[in-house]
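Just the one chain here, the form predicted on its own, laid out as C-alpha coordinates.
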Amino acid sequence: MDFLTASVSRATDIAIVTHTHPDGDAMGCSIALLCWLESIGKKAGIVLDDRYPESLEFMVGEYGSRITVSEEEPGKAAAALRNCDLIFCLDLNSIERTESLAEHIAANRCPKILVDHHLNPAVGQFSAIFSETGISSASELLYNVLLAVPGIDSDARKIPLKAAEALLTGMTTDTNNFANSVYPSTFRMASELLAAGVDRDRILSDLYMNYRENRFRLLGRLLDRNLRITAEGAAYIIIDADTYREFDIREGETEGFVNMPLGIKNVRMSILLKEEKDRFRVSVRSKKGVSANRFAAEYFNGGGHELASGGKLLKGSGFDGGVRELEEYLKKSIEDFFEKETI
(Lines give C-alpha, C1' and ligand atoms only; values in the text may rest on other atoms or scores of the structure.)
Protein backbone atom coordinates (compact mmCIF):
# COMPACT_ATOMS: atom_id res chain seq x y z
CA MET A 1 0.00 0.00 0.00
CA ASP A 2 2.90 2.36 0.73
CA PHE A 3 4.16 1.92 -2.84
CA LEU A 4 0.74 2.74 -4.26
CA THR A 5 0.25 5.88 -2.22
CA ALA A 6 3.81 7.08 -2.86
CA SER A 7 3.47 6.40 -6.61
CA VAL A 8 0.17 8.28 -6.78
CA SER A 9 1.63 11.14 -4.79
CA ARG A 10 4.59 11.52 -7.20
CA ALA A 11 2.61 11.05 -10.41
CA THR A 12 1.48 14.00 -12.52
CA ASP A 13 -0.29 12.10 -15.29
CA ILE A 14 -1.93 8.72 -14.57
CA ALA A 15 -3.33 6.24 -17.09
CA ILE A 16 -5.86 3.54 -16.28
CA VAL A 17 -6.13 0.52 -18.58
CA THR A 18 -8.23 -2.64 -18.58
CA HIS A 19 -8.82 -5.62 -20.84
CA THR A 20 -10.19 -5.48 -24.37
CA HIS A 21 -13.99 -5.74 -24.74
CA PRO A 22 -14.44 -4.05 -21.34
CA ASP A 23 -17.38 -5.38 -19.34
CA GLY A 24 -19.20 -4.01 -16.30
CA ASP A 25 -16.49 -4.97 -13.83
CA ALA A 26 -13.68 -3.55 -15.98
CA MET A 27 -15.51 -0.26 -16.45
CA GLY A 28 -16.77 -0.15 -12.86
CA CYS A 29 -13.33 -0.33 -11.30
CA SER A 30 -11.83 1.96 -13.96
CA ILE A 31 -14.42 4.69 -13.44
CA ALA A 32 -14.16 4.32 -9.66
CA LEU A 33 -10.38 4.70 -9.69
CA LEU A 34 -10.56 7.68 -12.05
CA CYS A 35 -13.12 9.35 -9.79
CA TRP A 36 -11.00 8.83 -6.68
CA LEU A 37 -7.81 10.06 -8.36
CA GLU A 38 -9.54 13.23 -9.53
CA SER A 39 -11.01 13.74 -6.07
CA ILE A 40 -7.47 14.00 -4.66
CA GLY A 41 -6.40 16.42 -7.38
CA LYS A 42 -4.66 14.06 -9.80
CA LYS A 43 -4.73 14.25 -13.60
CA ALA A 44 -5.90 10.87 -14.86
CA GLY A 45 -7.58 9.22 -17.81
CA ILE A 46 -8.78 5.82 -19.00
CA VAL A 47 -7.32 4.29 -22.16
CA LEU A 48 -9.24 1.43 -23.78
CA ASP A 49 -8.45 -0.89 -26.66
CA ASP A 50 -12.07 -0.77 -27.85
CA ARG A 51 -15.26 0.95 -26.73
CA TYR A 52 -17.32 -0.17 -23.76
CA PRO A 53 -20.92 -1.34 -24.38
CA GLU A 54 -23.60 1.30 -24.80
CA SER A 55 -25.50 -0.34 -21.93
CA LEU A 56 -22.83 0.95 -19.52
CA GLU A 57 -23.11 4.58 -20.62
CA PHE A 58 -25.17 5.38 -17.51
CA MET A 59 -22.16 4.54 -15.33
CA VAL A 60 -19.62 6.42 -17.46
CA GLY A 61 -21.63 9.65 -17.63
CA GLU A 62 -19.52 12.78 -17.43
CA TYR A 63 -16.31 10.73 -17.32
CA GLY A 64 -16.67 9.88 -21.01
CA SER A 65 -14.51 12.88 -21.91
CA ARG A 66 -11.61 11.32 -19.97
CA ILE A 67 -11.74 8.05 -21.90
CA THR A 68 -9.62 7.46 -25.00
CA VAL A 69 -10.44 4.49 -27.23
CA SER A 70 -7.53 3.19 -29.31
CA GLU A 71 -9.82 1.67 -31.94
CA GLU A 72 -11.15 5.18 -32.64
CA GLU A 73 -8.12 7.38 -31.86
CA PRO A 74 -4.97 5.20 -32.00
CA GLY A 75 -2.54 8.11 -32.00
CA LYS A 76 -4.14 9.76 -29.00
CA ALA A 77 -4.22 6.47 -27.08
CA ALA A 78 -0.56 5.78 -27.83
CA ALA A 79 0.42 9.29 -26.74
CA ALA A 80 -1.55 8.96 -23.49
CA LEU A 81 0.33 5.79 -22.60
CA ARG A 82 3.67 7.17 -23.75
CA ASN A 83 3.43 10.40 -21.75
CA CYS A 84 1.95 9.18 -18.45
CA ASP A 85 4.15 8.54 -15.41
CA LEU A 86 1.99 5.88 -13.68
CA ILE A 87 -0.22 3.16 -15.12
CA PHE A 88 -2.94 1.26 -13.26
CA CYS A 89 -3.85 -2.07 -14.89
CA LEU A 90 -7.27 -3.27 -13.77
CA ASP A 91 -9.17 -6.54 -14.19
CA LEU A 92 -6.48 -8.28 -16.26
CA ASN A 93 -3.67 -10.66 -15.40
CA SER A 94 -1.26 -9.54 -18.13
CA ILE A 95 -0.85 -6.47 -20.31
CA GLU A 96 -1.38 -8.62 -23.40
CA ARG A 97 -5.08 -8.62 -22.55
CA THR A 98 -5.18 -4.95 -23.57
CA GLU A 99 -4.30 -6.07 -27.13
CA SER A 100 -3.41 -2.92 -29.15
CA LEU A 101 -2.32 -1.07 -26.00
CA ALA A 102 0.14 -3.70 -24.81
CA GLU A 103 3.18 -2.52 -26.76
CA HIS A 104 2.75 1.06 -25.54
CA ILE A 105 2.29 -0.03 -21.92
CA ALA A 106 5.39 -2.22 -22.09
CA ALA A 107 7.47 0.55 -23.70
CA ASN A 108 6.76 3.02 -20.89
CA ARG A 109 9.23 2.49 -18.02
CA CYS A 110 6.96 4.13 -15.47
CA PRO A 111 5.56 2.18 -12.47
CA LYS A 112 2.67 -0.15 -13.28
CA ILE A 113 0.23 -1.25 -10.58
CA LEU A 114 -2.02 -4.27 -11.05
CA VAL A 115 -5.41 -4.73 -9.37
CA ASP A 116 -6.89 -8.03 -10.52
CA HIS A 117 -8.77 -11.17 -9.45
CA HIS A 118 -7.82 -13.60 -12.23
CA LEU A 119 -5.53 -16.61 -12.00
CA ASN A 120 -1.82 -16.47 -12.82
CA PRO A 121 -0.88 -12.76 -12.92
CA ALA A 122 2.20 -11.97 -15.03
CA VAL A 123 4.23 -10.87 -12.02
CA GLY A 124 7.23 -9.57 -13.97
CA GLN A 125 5.16 -7.00 -15.86
CA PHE A 126 4.17 -4.95 -12.81
CA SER A 127 5.85 -2.85 -10.13
CA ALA A 128 3.22 -3.69 -7.53
CA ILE A 129 0.42 -6.25 -7.51
CA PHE A 130 -2.89 -6.44 -5.70
CA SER A 131 -4.08 -9.89 -6.75
CA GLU A 132 -6.68 -12.10 -5.11
CA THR A 133 -8.67 -14.88 -6.74
CA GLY A 134 -11.00 -15.61 -3.82
CA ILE A 135 -13.00 -12.45 -4.39
CA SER A 136 -16.02 -11.57 -6.49
CA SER A 137 -14.54 -9.01 -8.86
CA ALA A 138 -11.85 -6.49 -9.57
CA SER A 139 -14.32 -3.89 -8.31
CA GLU A 140 -14.47 -5.56 -4.90
CA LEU A 141 -10.69 -5.81 -4.78
CA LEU A 142 -10.30 -2.13 -5.68
CA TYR A 143 -12.88 -1.29 -3.02
CA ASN A 144 -10.66 -2.98 -0.42
CA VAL A 145 -7.60 -1.15 -1.75
CA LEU A 146 -9.35 2.22 -1.56
CA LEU A 147 -10.50 1.55 1.99
CA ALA A 148 -6.84 1.22 2.97
CA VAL A 149 -5.57 4.48 1.47
CA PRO A 150 -4.97 7.54 3.64
CA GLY A 151 -7.96 9.84 3.70
CA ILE A 152 -10.51 7.04 3.40
CA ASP A 153 -9.25 5.09 6.41
CA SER A 154 -11.67 2.12 6.17
CA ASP A 155 -14.74 4.37 5.95
CA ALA A 156 -16.79 3.69 2.81
CA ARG A 157 -18.58 7.01 3.29
CA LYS A 158 -15.32 8.78 2.37
CA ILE A 159 -15.19 7.16 -1.06
CA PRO A 160 -16.64 9.63 -3.60
CA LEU A 161 -20.26 8.66 -4.26
CA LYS A 162 -19.73 8.29 -8.02
CA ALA A 163 -16.84 5.90 -7.33
CA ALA A 164 -18.92 3.95 -4.83
CA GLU A 165 -21.73 3.59 -7.38
CA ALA A 166 -19.31 2.36 -10.04
CA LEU A 167 -17.80 -0.19 -7.65
CA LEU A 168 -21.18 -1.63 -6.73
CA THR A 169 -22.17 -1.71 -10.41
CA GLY A 170 -18.98 -3.56 -11.38
CA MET A 171 -19.37 -6.11 -8.61
CA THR A 172 -23.04 -6.65 -9.45
CA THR A 173 -22.29 -7.44 -13.10
CA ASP A 174 -19.39 -9.79 -12.35
CA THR A 175 -21.43 -11.80 -9.85
CA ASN A 176 -24.44 -11.90 -12.19
CA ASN A 177 -26.34 -9.97 -9.50
CA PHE A 178 -25.04 -12.12 -6.61
CA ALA A 179 -25.63 -15.41 -8.44
CA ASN A 180 -21.99 -16.57 -8.60
CA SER A 181 -18.51 -15.89 -7.22
CA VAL A 182 -19.99 -14.43 -4.04
CA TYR A 183 -18.11 -14.39 -0.73
CA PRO A 184 -18.90 -13.01 2.74
CA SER A 185 -16.75 -10.01 1.83
CA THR A 186 -18.98 -9.36 -1.19
CA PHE A 187 -22.07 -8.91 0.95
CA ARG A 188 -20.07 -6.80 3.39
CA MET A 189 -18.98 -4.52 0.55
CA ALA A 190 -22.55 -4.17 -0.69
CA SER A 191 -23.85 -3.44 2.80
CA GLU A 192 -21.22 -0.78 3.44
CA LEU A 193 -21.82 0.92 0.10
CA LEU A 194 -25.58 0.95 0.63
CA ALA A 195 -25.03 2.52 4.04
CA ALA A 196 -22.78 5.09 2.35
CA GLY A 197 -25.66 6.24 0.14
CA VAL A 198 -25.45 4.15 -3.04
CA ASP A 199 -28.85 3.64 -4.68
CA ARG A 200 -28.80 -0.05 -5.65
CA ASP A 201 -32.34 -0.01 -7.01
CA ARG A 202 -31.35 2.60 -9.57
CA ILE A 203 -28.25 0.62 -10.53
CA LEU A 204 -30.32 -2.54 -11.09
CA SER A 205 -32.80 -0.58 -13.19
CA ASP A 206 -30.01 0.90 -15.32
CA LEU A 207 -28.31 -2.48 -15.72
CA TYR A 208 -31.19 -4.82 -16.36
CA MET A 209 -34.27 -2.82 -17.35
CA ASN A 210 -33.01 -0.70 -20.23
CA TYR A 211 -32.24 -3.20 -22.98
CA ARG A 212 -33.50 -2.77 -26.51
CA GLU A 213 -36.17 -5.15 -27.76
CA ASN A 214 -33.60 -6.61 -30.18
CA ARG A 215 -31.85 -8.43 -27.32
CA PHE A 216 -34.96 -10.39 -26.41
CA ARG A 217 -35.87 -11.19 -30.01
CA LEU A 218 -32.37 -12.60 -30.49
CA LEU A 219 -32.53 -14.57 -27.25
CA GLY A 220 -35.78 -16.19 -28.35
CA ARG A 221 -34.22 -17.20 -31.66
CA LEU A 222 -31.12 -18.62 -30.02
CA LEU A 223 -32.97 -20.70 -27.44
CA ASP A 224 -35.40 -21.99 -30.05
CA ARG A 225 -33.02 -22.75 -32.92
CA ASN A 226 -29.37 -22.49 -31.87
CA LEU A 227 -29.09 -24.12 -28.45
CA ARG A 228 -27.40 -27.53 -28.56
CA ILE A 229 -26.78 -29.91 -25.65
CA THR A 230 -24.23 -32.71 -25.93
CA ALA A 231 -24.29 -36.12 -24.29
CA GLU A 232 -21.54 -34.96 -21.93
CA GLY A 233 -23.77 -32.22 -20.51
CA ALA A 234 -22.28 -29.27 -22.38
CA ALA A 235 -24.64 -26.68 -23.86
CA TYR A 236 -23.47 -24.38 -26.61
CA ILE A 237 -24.81 -21.54 -28.73
CA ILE A 238 -23.07 -20.13 -31.81
CA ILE A 239 -24.04 -16.65 -33.02
CA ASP A 240 -22.79 -16.02 -36.54
CA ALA A 241 -22.20 -12.64 -38.13
CA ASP A 242 -25.37 -12.84 -40.23
CA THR A 243 -27.51 -13.25 -37.11
CA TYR A 244 -25.80 -10.26 -35.50
CA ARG A 245 -26.67 -8.16 -38.53
CA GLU A 246 -30.23 -9.49 -38.75
CA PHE A 247 -31.01 -8.44 -35.18
CA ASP A 248 -28.80 -5.30 -35.22
CA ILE A 249 -27.01 -6.49 -32.09
CA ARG A 250 -24.62 -4.11 -30.36
CA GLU A 251 -21.69 -4.82 -28.08
CA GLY A 252 -22.90 -5.93 -24.65
CA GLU A 253 -26.42 -6.93 -25.71
CA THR A 254 -25.68 -10.66 -25.37
CA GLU A 255 -24.39 -10.20 -21.82
CA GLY A 256 -25.70 -13.00 -19.59
CA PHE A 257 -26.82 -15.30 -22.41
CA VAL A 258 -24.09 -17.83 -21.61
CA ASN A 259 -25.44 -18.34 -18.08
CA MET A 260 -28.95 -19.36 -19.11
CA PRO A 261 -28.37 -22.97 -20.19
CA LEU A 262 -26.90 -23.70 -16.74
CA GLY A 263 -30.47 -23.58 -15.48
CA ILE A 264 -31.04 -26.91 -17.24
CA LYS A 265 -30.62 -29.77 -14.76
CA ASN A 266 -28.22 -31.94 -16.76
CA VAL A 267 -26.10 -29.14 -18.21
CA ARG A 268 -22.68 -28.95 -16.56
CA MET A 269 -21.00 -26.39 -18.82
CA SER A 270 -22.31 -23.66 -21.12
CA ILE A 271 -20.42 -22.16 -24.06
CA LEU A 272 -21.35 -19.10 -26.12
CA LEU A 273 -19.42 -18.40 -29.33
CA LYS A 274 -19.80 -15.12 -31.23
CA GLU A 275 -18.42 -14.56 -34.70
CA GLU A 276 -16.33 -11.45 -35.26
CA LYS A 277 -14.36 -10.29 -38.27
CA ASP A 278 -11.27 -12.44 -37.77
CA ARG A 279 -12.19 -14.63 -34.81
CA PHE A 280 -14.79 -16.32 -32.70
CA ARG A 281 -15.05 -14.89 -29.20
CA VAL A 282 -15.85 -17.51 -26.58
CA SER A 283 -17.50 -17.33 -23.14
CA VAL A 284 -17.57 -20.39 -20.89
CA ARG A 285 -19.52 -20.94 -17.67
CA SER A 286 -19.73 -24.11 -15.62
CA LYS A 287 -21.21 -25.66 -12.53
CA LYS A 288 -19.02 -26.59 -9.58
CA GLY A 289 -16.87 -29.59 -10.38
CA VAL A 290 -16.23 -28.65 -14.02
CA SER A 291 -13.39 -26.26 -14.88
CA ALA A 292 -14.47 -23.56 -17.32
CA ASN A 293 -10.98 -22.11 -16.94
CA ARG A 294 -9.25 -25.30 -18.08
CA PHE A 295 -11.60 -25.72 -21.05
CA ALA A 296 -11.09 -22.13 -22.21
CA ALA A 297 -7.32 -22.34 -21.77
CA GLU A 298 -6.84 -25.68 -23.51
CA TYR A 299 -9.12 -25.22 -26.52
CA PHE A 300 -9.69 -21.47 -26.96
CA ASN A 301 -6.46 -19.67 -26.01
CA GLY A 302 -8.11 -18.16 -22.96
CA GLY A 303 -8.72 -18.56 -19.26
CA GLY A 304 -10.10 -16.69 -16.30
CA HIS A 305 -11.87 -18.15 -13.29
CA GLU A 306 -12.62 -21.75 -12.41
CA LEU A 307 -16.33 -21.43 -13.22
CA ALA A 308 -16.29 -18.43 -15.58
CA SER A 309 -13.77 -17.95 -18.36
CA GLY A 310 -13.35 -16.69 -21.89
CA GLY A 311 -11.18 -17.07 -24.93
CA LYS A 312 -10.97 -16.73 -28.68
CA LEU A 313 -10.29 -18.79 -31.76
CA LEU A 314 -8.73 -17.02 -34.70
CA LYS A 315 -10.14 -17.94 -38.07
CA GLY A 316 -7.73 -20.23 -39.84
CA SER A 317 -6.29 -21.63 -36.60
CA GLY A 318 -7.19 -25.30 -36.85
CA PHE A 319 -10.24 -24.84 -39.09
CA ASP A 320 -11.05 -22.80 -42.16
CA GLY A 321 -13.08 -20.19 -40.33
CA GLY A 322 -16.64 -21.32 -41.05
CA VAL A 323 -19.37 -21.90 -38.48
CA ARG A 324 -19.79 -25.53 -39.53
CA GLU A 325 -16.08 -26.22 -39.03
CA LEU A 326 -16.17 -24.39 -35.72
CA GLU A 327 -19.01 -26.57 -34.49
CA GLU A 328 -17.11 -29.73 -35.41
CA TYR A 329 -14.04 -28.42 -33.56
CA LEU A 330 -16.20 -27.52 -30.56
CA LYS A 331 -17.87 -30.93 -30.36
CA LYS A 332 -14.50 -32.70 -30.52
CA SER A 333 -13.11 -30.36 -27.87
CA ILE A 334 -16.03 -31.03 -25.54
CA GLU A 335 -15.68 -34.80 -25.97
CA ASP A 336 -11.92 -34.65 -25.36
CA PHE A 337 -12.31 -32.36 -22.37
CA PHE A 338 -14.87 -34.46 -20.54
CA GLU A 339 -12.83 -37.61 -21.13
CA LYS A 340 -9.93 -35.95 -19.25
CA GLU A 341 -11.90 -33.94 -16.70
CA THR A 342 -10.93 -35.14 -13.23
CA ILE A 343 -11.86 -32.31 -10.86
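A residue's number is simply how far along the shown sequence it sits, counting from 1. Note that the structure is predicted; figures quoted are calculated from it, not measured.
FYI, the form predicted in complex with a small molecule isn't displayed, but the following is about it.
**Student:** Please check if residue 112 has a heavy atom lying within 4.5 Å of any heavy atom of the small molecule in the predicted complex.
**Tutor:** No, residue 112 is distant from the partner.
**Student:** So, in the predicted complex, is residue 45 in contact with the small molecule at a 4.5 angstroms heavy atom limit?
**Tutor:** Outside the cut-off, so no.
**Student:** Classify residue 37 as contacting or not contacting the small molecule in the predicted complex by the rule of any non-hydrogen atom within 4.5 angstroms, answering yes or no.
**Tutor:** Looking in the predicted complex, residue contacts with the small molecule do not include residue 37, since no heavy atom lies within 4.5 Å.
**Student:** Taking the small molecule as it sits in the predicted complex, is residue 304 near enough to touch it, meaning that at least one heavy atom pair lies within 4.5 angstroms?
**Tutor:** It does: once the small molecule is placed as it appears in the predicted complex, residue 304 has a heavy atom within 4.5 Å of it.
**Student:** Which pick from 212, 158, 162, 118 sits with a heavy atom within 4.5 Å of the small molecule in the predicted complex?
**Tutor:** Of the listed residues, the single hit is 118.
**Student:** Let me know the one among 283, 70, 291, 55 whose heavy atoms come within 4.5 Å of the small molecule in the predicted complex, would you?
**Tutor:** It is 283 that has a heavy atom within 4.5 Å of the partner.
**Student:** Which of 28 to 36, 62 to 70, 306 to 314, 46 to 54 has heavy atoms within 4.5 Å of the small molecule in the predicted complex?
**Tutor:** Heavy atoms within 4.5 Å of the small molecule in the predicted complex occur in 306 to 314.
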